[in-house]
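Here's a solo chain for you in structure tokens, the form predicted on its own.
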């Protein structure tokens, strides 16, 4: 009799599966444990949490980017160490690389982003990407095997490239940073000049301008579009991010970059039982900037949408602003580019001790946010909202209808 009751209770539980154990996925999984009548399963390809904003420190040997899931994940969340390979929305199942499958009632797609797929000849063969823990570990091994005075080229003038170049230069590595046309186009020119000055003071050689596009990568050099060749013992590729193709392979609608297309509640435009959060979400085809700053509130909101649907309530639209960009510039140094709530860089930035305090407080701060949500689900709140989001969504819909009048979403 007891076993029959247990079986009936198990059948009554709502099953929620979260794909991806990064910031957004962990936040969503933890938040879902507010209800006792559902099970939460988190699928992730590794058994430890990767504190991604510290990967440049892991690469340079100046910090650790690995955190135990027991430190950030609620006890009620079941962790499955595996990789999702197929989502079958018709049967509500997720198939994994091991061959096992999981059934779900709701699914949160928080698979995140990875390294970009460079179409530059030789890049895939000779350049080392660093967007994942495993990639950063391989690059670190290559650096450790190289002579101390060996030249290193970092390709990519965005946040990752700047942070990697800064960390390596601070430890005495001879670094060249290939920026393309301009160093981090997002930055306000005033902030860009400050960061340039700091990079030069660290000994980083900056290569930017019309001829600074990488044309080819060879085993020991980077060939630029203007004919220059940069001698390099180690080549690190930090140019852009790529999205896993799991959603597209599963027949779900995505944007041009591979993010799952959703409405403003983060619900898939194809299936009300599937939601997205973090880097892999494209609400109204107007995704927020890929960042941990957006990941936590997006993860929380996706969970809230699921919880409201289970409760028979109407989900709310997102109201999240990304309003700064933190860039570390070697140990103990950083610049914080301030932005509008629509994520446009302002003239103002924080540097010196204050900038470093803001940036370096985010390392333990993000982990504390996740851990606190795990202990007290539903406690996380985000203060920064975008009052113009509705106008942006309306403008986007009008743009799409102009292109395709038959399109209704």
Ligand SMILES: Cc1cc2nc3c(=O)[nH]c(=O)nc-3n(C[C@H](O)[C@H](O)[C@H](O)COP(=O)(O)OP(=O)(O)OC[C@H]3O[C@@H](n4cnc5c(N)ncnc54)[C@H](O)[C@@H]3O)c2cc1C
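Numbering follows the first chain given and starts at 1. Here the structure is a predicted model, which is why all the values come from computation and not from measurement.
Here the subject shifts to the form predicted together with this ligand, a form of this protein not shown in this document.
- None of 254, 184, 176, 113 but one reaches within 4.5 angstroms of this ligand in the model of the complex through a heavy atom, and that residue is 113.
- For the candidate set 293, 153, 337, 305, a heavy atom within 4.5 Å of this ligand in the model of the complex is found for exactly one residue, namely 293.
- Using a 4.5 Å cut-off to this ligand in the model of the complex, each of 44, 55 and 131 places a heavy atom inside that distance.
- Residue contact with this ligand in the model of the complex: residue 160 places a heavy atom within 4.5 Å of it.
- Although the partner is absent from this view, residue 320 stays clear of this ligand in the model of the complex, with no non-hydrogen atom inside 4.5 angstroms.
- When contacts are judged by a 4.5 Å heavy atom cut-off, residue 19 counts as touching this ligand in the model of the complex.
- Not displayed here, this ligand is kept clear of residue 137 by more than 4.5 Å at the level of heavy atoms in the model of the complex.
- Heavy atoms within 4.5 Å of this ligand in the model of the complex are found in one stretch of 30-38, 379-387, 346-354, 55-63, which is 55-63.
- Taking this ligand as it sits in the model of the complex, the stretch 355-384 comes within 4.5 angstroms of it through a non-hydrogen atom at just one residue, 359.
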